[in-house]
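One chain comes next, on its own, written out as structure tokens in the form predicted alone.
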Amino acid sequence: MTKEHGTGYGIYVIVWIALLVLTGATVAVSYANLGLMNVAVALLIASVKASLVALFFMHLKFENKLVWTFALVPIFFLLLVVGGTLSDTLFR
């Protein structure tokens, strides 16, 4: 049984404002001098933004487990590829 997701336009406005705030945070982090943490913080903010877009604008929040599986398995493989690449370059 699927959930009703009659969220209305209000949630989209709230998510849009959150995306604007997070974009501003990304710009602010780019000007801060955090060393190697700049990239980590920027990727963390980008991950939150991508999650908001996937959950609300792509309606993933209201899908069943099979659709979630198809959405999360490629992310798992992406993490494997990035982890393998980083381990190769960091430990040479």
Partner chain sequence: MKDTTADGVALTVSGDAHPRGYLEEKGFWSWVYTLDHKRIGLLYLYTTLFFFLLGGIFALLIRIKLLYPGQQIFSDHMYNVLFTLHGSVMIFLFIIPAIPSGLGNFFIPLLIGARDVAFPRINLASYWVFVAGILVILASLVRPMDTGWTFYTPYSAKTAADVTLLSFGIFLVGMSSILTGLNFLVTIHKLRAPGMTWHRFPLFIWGMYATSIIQVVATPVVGITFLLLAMERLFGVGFFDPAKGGDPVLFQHFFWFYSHPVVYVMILPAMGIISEVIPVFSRKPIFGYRAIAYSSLAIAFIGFLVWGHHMFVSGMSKTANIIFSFLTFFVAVPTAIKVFNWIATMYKGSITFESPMLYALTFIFLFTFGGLTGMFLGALATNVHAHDTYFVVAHFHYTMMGGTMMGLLAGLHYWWPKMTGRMLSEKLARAGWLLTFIGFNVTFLTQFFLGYGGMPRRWAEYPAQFQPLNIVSTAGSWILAAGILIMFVNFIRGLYTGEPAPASPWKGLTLEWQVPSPPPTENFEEIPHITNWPYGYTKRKTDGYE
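On a predicted model such as this, the values are computed, not experimentally measured, just so you know. Positions refer to the first chain, counted from 1.
In what follows, reference is made to the form predicted together with its partner chain, a form of this protein that is not presented.
Asks: I'd like to know if residue 84 sits close to its partner chain in the predicted bound form, meaning any non-hydrogen atom pair within 4.5 angstroms.
Replies: Contact with its partner chain, yes.
Asks: Does residue 72 reach its partner chain in the predicted bound form, with heavy atoms at most 4.5 Å apart?
Replies: So residue 72 does not count as contacting its partner chain.
Asks: Taking its partner chain as it sits in the predicted bound form, is residue 12 in contact with it (heavy atom to heavy atom, 4.5 Å or less)?
Replies: Because no heavy atom of residue 12 falls inside 4.5 Å of its partner chain in the predicted bound form, the answer is no.
Asks: Contact with its partner chain in the predicted bound form for residue 80, defined as at least one heavy atom pair within 4.5 Å: yes or no?
Replies: Within the cut-off, so yes.
Asks: Looking at 53, 66, 46, 34 here, can you tell me which has any non-hydrogen atom within 4.5 angstroms of its partner chain in the predicted bound form?
Replies: Contact residue from the list: 66.
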